[in-house]
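What follows is a single chain, given as structure tokens, in the form predicted on its own.
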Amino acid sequence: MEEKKSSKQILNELLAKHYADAKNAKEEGKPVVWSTSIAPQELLETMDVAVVYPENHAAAIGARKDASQFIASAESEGYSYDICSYARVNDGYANILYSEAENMPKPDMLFCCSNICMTVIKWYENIAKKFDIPVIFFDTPYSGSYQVDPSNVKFVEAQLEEAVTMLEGLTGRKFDYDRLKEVMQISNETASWWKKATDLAKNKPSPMNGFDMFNYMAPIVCFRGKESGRELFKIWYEELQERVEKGLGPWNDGTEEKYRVLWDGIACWPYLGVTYKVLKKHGINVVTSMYPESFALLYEQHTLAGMAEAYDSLYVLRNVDYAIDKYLNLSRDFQLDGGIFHSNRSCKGMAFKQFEIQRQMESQLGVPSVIFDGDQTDPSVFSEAQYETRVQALVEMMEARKGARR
């Protein structure tokens, strides 16, 4: 009888197939698209277009400690050190087109949604010029309010309709709206299993460590609309649920979960091992972040209108009051002892809210936190000494809080 594969084995196989499928599509003369991470990929899945994600690719390059050569290539063209390192890595990769981490074939079209940041607009515009290819832009406006502005949803819906027309031109095929409904349903189910799995960290002890969550982020980006993604996250949920039932904590070596914290911001991919080991040494487990909700896109309607509402609803497009409420709820739901805020040089749009969120978590709930400087991919920004000092300070604050409660 064949041994059942673990979700990690399946994850690695799916990612290898993901890049291989794109390479094969290119060799067969089929179009390949480069896309931002939280874009309406269901349109591409409906049209059976091969798609790869430069952010995922840059993170993999960073984790392999191979980012410096691509960053240098981009900066040699005049791109500033202050620009997002994902963008610099991707621009450098567009020049070199080879990485030890993994390779993406040259794109025939770009797919860009501004709901994660505004940097992607110029980033993808410049890549489009470099390769002389078309780009489909989705301008998802910032609401500046607690609720999503209905007029913004209408605006995005019109852009989705235009994107369908452009994809029909790229592929030479008509768009199948019945197939879109099927894909959106799969996306809903995939996102639900992802959220169910990550929500199991509410248990004490958590059955997983937060750095496992970082590892599973690549497939939630790539496979939301695919049956393989749905099955992967269902299996991961079942594995974690089994650990809950057995009372197992996040680490197989028996290390105790002493403190439960939120991690805010993208991981420092070149220093993933360092950041993880420092926390584990102190018994600190990352149990949540804003990532589970950001990727748990759920469609109330399996239509372009339903898609427009979902993609224009991310918390980064709402005001700071909305963000604060989200973090306060996470603090309560996951029974946090503290928070770690990564002030990411590459991601200023997310980092600028951190000081107010940090203040509100402390003042309203008494949850202490620290901020450390770093970057998602550029290895030159992070200081291991600073990081460890901040973590030690957090341990002291969390222990003092526990002492006061006792």
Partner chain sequence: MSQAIELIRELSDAGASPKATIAKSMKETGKEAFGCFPIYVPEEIIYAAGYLPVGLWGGHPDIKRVDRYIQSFCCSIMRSNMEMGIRGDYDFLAGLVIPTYCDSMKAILANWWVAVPNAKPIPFSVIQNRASKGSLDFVLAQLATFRKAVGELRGEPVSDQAIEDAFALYEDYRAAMRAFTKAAARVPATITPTLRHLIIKAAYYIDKKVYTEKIKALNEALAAMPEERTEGPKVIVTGLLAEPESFLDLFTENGYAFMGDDLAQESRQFRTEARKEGTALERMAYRVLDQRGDTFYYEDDKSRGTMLKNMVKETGSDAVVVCMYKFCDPEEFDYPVYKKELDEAGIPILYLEIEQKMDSVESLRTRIQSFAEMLSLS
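Numbering follows the first chain given and starts at 1. This structure is a prediction, so every number in the text was calculated from the model and none was measured.
Another form, the form predicted together with the partner chain, is not on view; read the next lines as being about it.
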Margin query: If the criterion is a non-hydrogen atom within 4.5 angstroms, does every one of 36, 199 and 301 touch the partner chain in the predicted complex?
Written below: no
Of the candidate stretches 238-246, 213-221, 119-127, 189-197, the one with residues having heavy atoms within 4.5 Å of the partner chain in the predicted complex is 119-127
Among 46, 56, 369, 354, just one has a heavy atom within 4.5 Å of the partner chain in the predicted complex, namely 354
Partner-free chain; cross-checking the partner chain in the predicted complex, the single residue of 254, 144, 172, 273 with a heavy atom within 4.5 Å is 144
(Q) Is residue 322 near the partner chain? Define near as a heavy atom within 4.5 Å, in the predicted complex. (A) no
Hey, in the predicted complex, does residue 82 get a heavy atom within 4.5 angstroms of the partner chain?
yes
Task: residue 41 within 4.5 Å of the partner chain in the predicted complex, heavy atoms - done: no
(request) Tell me, yes or no, whether residue 161 is in contact with the partner chain in the predicted complex, where a contact means a heavy atom of each within 4.5 Å. (result) yes
Those residues of 127-155 with a non-hydrogen atom no more than 4.5 Å from the partner chain in the predicted complex are 129, 135, 137, 139, 141, 142, 144, 149, 151, 152, 155
